[in-house]
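Next comes just one chain, in structure tokens: the form predicted alone.
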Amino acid sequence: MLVYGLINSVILALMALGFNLTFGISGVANFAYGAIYIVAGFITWTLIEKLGLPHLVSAAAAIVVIGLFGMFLYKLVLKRIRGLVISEVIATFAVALVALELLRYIGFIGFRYSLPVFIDGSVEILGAYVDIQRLLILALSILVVVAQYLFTHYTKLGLAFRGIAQDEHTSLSLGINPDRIASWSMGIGCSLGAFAAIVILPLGTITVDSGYDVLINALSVCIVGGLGSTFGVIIASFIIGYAQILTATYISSHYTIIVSLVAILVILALKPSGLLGHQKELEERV
């Protein structure tokens, strides 16, 4: 439980980072996130199986395509309704429904859709056999968090992200275009979701219905940790991750998604802003 709880927690954190980044910068709750995650998996599978492209090339192409789609979605739809929270939720969730049901309609159903692992094999850690793919996820997740920190602190675009996250009106007076930055945050957030899909989906199969589970897990981690707080997301992912492993061990794996739903209800009842909702500093938000 210790080993697999750690890995499950890291998977949840990686799953939620893209959603959290977009909300932390632009304030947009991207309810199409789960669908984007699944679409990235199917794009990668198609490029590998149908076009015969190398795994890494297919993965990189999927990440770029999904990132461009995120920016296009913002410019075409979200830019017109930004600030209208209910409208943003409805619009992005509608995109998710269309994408997932379209995949189902054209025949992407069944258990034959799966991505190859990047590194095959397993190793023993504390008496538990762990796939090398899971250890790769752990290493890549750490790299993503470090890269995100360096990006937001030492690049021009990253500093603009921090400016918008801190005070949009003041940033506008300094020549930072909020819509441009929000578009980039949407694109990068979607790319992070695609990256998570490409490294996590090899652990199982690609199914349309799992898009809804991904959205619920990402929402629960972000809401419990505090929307916009990266440090809060990491803390929440460990709480929910270990709770899911305990549930799967002592009750049933079918109830793990219930843990995420219960976590949302409990935190909204006790502390609606999340664990770090009020205390989060600018460095934590981005």
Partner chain sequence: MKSFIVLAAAALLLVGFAYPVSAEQPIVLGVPTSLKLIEGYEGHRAAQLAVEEINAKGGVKVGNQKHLLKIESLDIRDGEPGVPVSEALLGIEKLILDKKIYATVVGNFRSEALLAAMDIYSKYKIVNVGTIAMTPKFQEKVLSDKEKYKYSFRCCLDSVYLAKYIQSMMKFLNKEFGYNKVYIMTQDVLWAAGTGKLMEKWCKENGWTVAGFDKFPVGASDFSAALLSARGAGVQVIMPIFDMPTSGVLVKQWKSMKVPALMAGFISPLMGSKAWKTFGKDIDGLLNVVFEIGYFPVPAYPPTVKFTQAYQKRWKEDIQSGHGAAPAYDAVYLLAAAIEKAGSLDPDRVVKTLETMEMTGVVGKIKFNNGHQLIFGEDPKTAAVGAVFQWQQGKQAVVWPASIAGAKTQKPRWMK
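Nothing here was measured: the structure is a model prediction, and the numbers come from that model. Residue numbers count along the first chain shown, from 1.
One more form of this protein exists, namely the form predicted together with its partner chain; it is left out here, but the text below deals with it.
In the predicted bound form, no heavy atom of T46 sits within 4.5 Å of its partner chain. In the predicted bound form, its partner chain sits beyond 4.5 Å of every heavy atom of I176. Residue contact with its partner chain in the predicted bound form: G83 places no heavy atom within 4.5 Å of it.
In the predicted bound form, its partner chain sits within 4.5 Å of a heavy atom belonging to T205. The single contact residue among A29, L68, V57, I257, judged by any heavy atom lying within 4.5 Å of its partner chain in the predicted bound form, is I257.
Contact annotation: of the candidates A248, L219, I239, I63, the single residue with a non-hydrogen atom within 4.5 angstroms of its partner chain in the predicted bound form is A248. At a distance of at most 4.5 angstroms from its partner chain in the predicted bound form, all three residues N8, R104 and S114 contribute at least one non-hydrogen atom. Look at 142-150, 87-95, 165-173, 117-125: in the predicted bound form, residues with non-hydrogen atoms within 4.5 angstroms of its partner chain sit in 117-125. In the predicted bound form, its partner chain lies within 4.5 angstroms of at least one heavy atom of each of the following residues of 129-145: Y129, V130, D131, R134, in sequence order.
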